[in-house]
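Okay, here we've got a single chain as structure tokens, the form predicted on its own, with questions on binding and movement later.
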Amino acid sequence: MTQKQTIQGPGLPNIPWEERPAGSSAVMWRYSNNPVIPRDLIPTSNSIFNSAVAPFEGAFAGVFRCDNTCREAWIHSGRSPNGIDFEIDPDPIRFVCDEPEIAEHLEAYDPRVCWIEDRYYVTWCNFYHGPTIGMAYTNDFKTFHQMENAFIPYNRNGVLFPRRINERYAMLSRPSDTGHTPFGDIFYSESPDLCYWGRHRFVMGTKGGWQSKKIGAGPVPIETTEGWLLIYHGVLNSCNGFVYSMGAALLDIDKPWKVMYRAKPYLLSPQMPYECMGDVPNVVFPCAALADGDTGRLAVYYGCADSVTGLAFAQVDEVIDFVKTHSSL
């Protein structure tokens, strides 16, 4: 079924897709064969989650968080012919870096991948005297060139916009602390060269319910005729610990720090066994989204209980309608 051209991007007719289950009215629904990536896909992995997938040469490639059996967090490159069956390099990415001072890693995790102009950029949570936003670029998902860290510690969830805004590169991030941060709001930053960042703007903070403790940007924002569709995670502090869910908002197309609509209900919360049981129970953590401009189809990859990777589907028009209908700013 052809949708109106809401998505301002290319057609991606081969993204993974599964129709909404019969009898369901859910705005977002899960892949019936979840988890799409098991925790032990490579011999050394304890878990594979919070990972990013992008279109590449008519198929798909990505960067994947693989915590090894020493319980160290590293990011690995991988590919897939269909966005469902993945082959992940068993060795972590070894970055090419001209600056020895930033080339040393203690950990690397929660990557995002964004195509801008002529290359793929990878952002991840990098440890440089504390968590900060690491950056690199690649053209082939084989050789990765590490750049300067975007910010000083402490920061997480660095997510680039897929094009320049007002002639500057743009990124969302969530300032944090040294540990399992008990707070977190989303901020916007700009850069003329992907090295020096400034013009910081507050985007949005916590609200009640599922996003009362902290929030953070998820996949690369999707450009639409209605604004930037931002899928993000929100956290509540239950009597049994943190619970991570997935929600959505619409940001102004020219001033993305201005929130136009923000859905009060979540899109997806931990309800399935693979989301509720794992190394960190009760986690739905979105990191990547594939959107087909011709059909309006949306496929979202998300971490489940810090153990495996799940896949969920939606129609972009329906998500936008949901956000606008249920908005609470």
Ligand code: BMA
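Keep in mind that what you see is a predicted model, and the values were worked out from it rather than measured. One rule holds for the numbers: they count along the sequence shown, beginning at 1.
One more form of this protein, predicted in complex with this ligand, exists but is not displayed; see below.
Enquirer: Which residue, A61, I42, V280, V27, has a heavy atom that falls within 4.5 Å of this ligand in the predicted bound form?
Expert: Only one option qualifies, and that one is V280.
Enquirer: Please tell me which of Y109, F127, Y121, F141 lies within 4.5 Å of this ligand in the predicted bound form, judged by heavy atoms.
Expert: By the 4.5 Å criterion, the partner-contacting residue is Y109.
Enquirer: Decide whether E18 counts as a contact residue for this ligand in the predicted bound form under a heavy atom distance cut-off of 4.5 Å.
Expert: E18: no, not in contact with this ligand in the predicted bound form.
Enquirer: Give a yes/no on whether Y301 approaches this ligand to within 4.5 Å in the predicted bound form, heavy atoms considered.
Expert: No.
Enquirer: State yes or no: in the predicted bound form, is some non-hydrogen atom of S51 no more than 4.5 angstroms from a non-hydrogen atom of this ligand?
Expert: Taking the distances in the predicted bound form, the answer for S51 is no, it never comes within 4.5 Å of this ligand.
Enquirer: Whether R297 contacts this ligand in the predicted bound form should be assessed with a 4.5 Å heavy atom distance threshold; does it?
Expert: Looking in the predicted bound form, residue contacts with this ligand do not include R297, since no heavy atom lies within 4.5 Å.
Enquirer: Looking at 256-264, 269-277, 288-296, 42-50, which lies within 4.5 angstroms of this ligand in the predicted bound form, counting heavy atoms?
Expert: Careful reading of the contacts points to 42-50.
Enquirer: Even though the chain is shown alone, can you say which residues of 213-227 have a heavy atom within 4.5 Å of this ligand in the predicted bound form?
Expert: If the 4.5 Å heavy-atom criterion is applied to this ligand in the predicted bound form, 213-227 yields only K214.
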